[in-house]
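Single chain ahead, written as structure tokens, the form predicted alone.
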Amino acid sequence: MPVLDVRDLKAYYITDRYGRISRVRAVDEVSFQVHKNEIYGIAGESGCGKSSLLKVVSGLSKPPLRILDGEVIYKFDDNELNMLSLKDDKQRRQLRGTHISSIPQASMNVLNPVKRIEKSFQDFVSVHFEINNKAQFNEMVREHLSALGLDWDIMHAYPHQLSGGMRQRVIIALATILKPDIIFADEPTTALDVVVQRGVVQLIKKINEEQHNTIIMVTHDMAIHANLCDRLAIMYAGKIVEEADAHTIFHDAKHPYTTMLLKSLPKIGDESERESAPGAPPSLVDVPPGCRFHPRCPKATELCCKEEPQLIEIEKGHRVACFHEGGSR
């Protein structure tokens, strides 16, 4: 049974300026399931809707991002809960931290610059549990940091005294201290060098193996998906166009966009010019009719220009939205 079931989710950025209403179709009829203990990746070009999807699913969306339709079903301990039915922020806060947690990309925007790291841990944990015994709390944090390979001394530091990689590790430790069921990671390795990226990826994988939680990873870095994810969804212009296990995506991709995305990746020792999709992604304010990739697709036909392919399962666990791969109307 899936721990997360997203059904026909539709969320647009809607603004009204001087009487002119603008709709940015960031998440447009997206459906997917995530299973317990797996690492599920979401990839695609910048601006395709990855982070917006994560905000809606994790209950962090705010205007002008508005949810128009769909369901976000969580299943915790045999209890089923629709995140979108929760209107009270207090109910959502109770879920976050204990059942749901997030690892954002901008560590300096999360940690309070005038508070020591220890105080950030105290503030986070006290939202869900009353800290009556500071010694017991310190022991819990010390044990958690030790399990993640972090030194206790960082608790006495201010955020600006730590490197970018160390701050990101602190954020990961903060997000996982209550052992949540699902962790949302939004570009957790952005602005980090490759050596630090490797350490962060290893840390996330270690948490998944030891805490047996589910991780949903959003990043445009396909190398991270290849090393970390069990299954992978490819997004384009607000929609999922392909979904399969990571090995299938990297070795037997079917959608033309996925194929071009992989061909554009650099390879060690290969100095030849990389092939990529021509043109630019469409505006999500005015998306093209039919398949949204057809203006850039070398396989596009008249049908692709007029009708939109549905995301269907062509093989067990492999879904593709393309008429050339059996996509239905």
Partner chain sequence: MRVRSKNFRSNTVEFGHGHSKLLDINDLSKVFIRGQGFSKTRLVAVNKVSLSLERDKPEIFTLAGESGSGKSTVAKLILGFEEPTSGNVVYKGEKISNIKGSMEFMKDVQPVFQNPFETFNPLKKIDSYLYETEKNYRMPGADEHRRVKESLELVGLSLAEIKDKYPSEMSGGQLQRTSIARALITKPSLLIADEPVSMIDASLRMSIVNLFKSLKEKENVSIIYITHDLATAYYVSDRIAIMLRGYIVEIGPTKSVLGNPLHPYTKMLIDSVPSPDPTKKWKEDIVLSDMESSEFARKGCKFAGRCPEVKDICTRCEPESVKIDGRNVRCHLYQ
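Here, rigid core means the biggest group of C-alpha atoms that superpose within 1.5 Å across both forms. Predicted model, so just to flag it, every value in this text is computed and none were measured. Positions refer to the first chain, counted from 1.
If you look for the form predicted together with its partner chain, you will not find it shown, but the lines that follow are about it.
In the model of the complex, its partner chain sits within 4.5 Å of a heavy atom of Leu265. Although the partner is absent from this view, Gln197 contacts its partner chain in the model of the complex, with a non-hydrogen atom inside 4.5 angstroms. Though the partner is left out of this view, His251 does reach within 4.5 Å of its partner chain in the model of the complex, counting heavy atoms only.
By the criterion of a heavy atom within 4.5 Å, Ile224 is counted among the residues contacting its partner chain in the model of the complex.
With its partner chain left out of view, the stretch that reaches within 4.5 Å of it through heavy atoms in the model of the complex is, among 254-262, 137-145, 74-82, 210-218, 254-262. Contact annotation: of the candidates Ser276, Thr301, Gln33, Asn37, the single residue with a non-hydrogen atom within 4.5 angstroms of its partner chain in the model of the complex is Ser276. The putative spot formed by Glu45, Arg169 and Ala280 is fully lined by its partner chain in the model of the complex; each residue has a non-hydrogen atom within 4.5 angstroms of it.
Glu302 shows a C-alpha shift below 2 Å between this form and the one not shown [criterion: core-superposed Cα displacement of 2 Å]. When two forms of a protein are overlaid on their rigid core, residues whose CA moves 2 Å or more are considered shifted, and Ser272 is one of them between this form and the one not shown.
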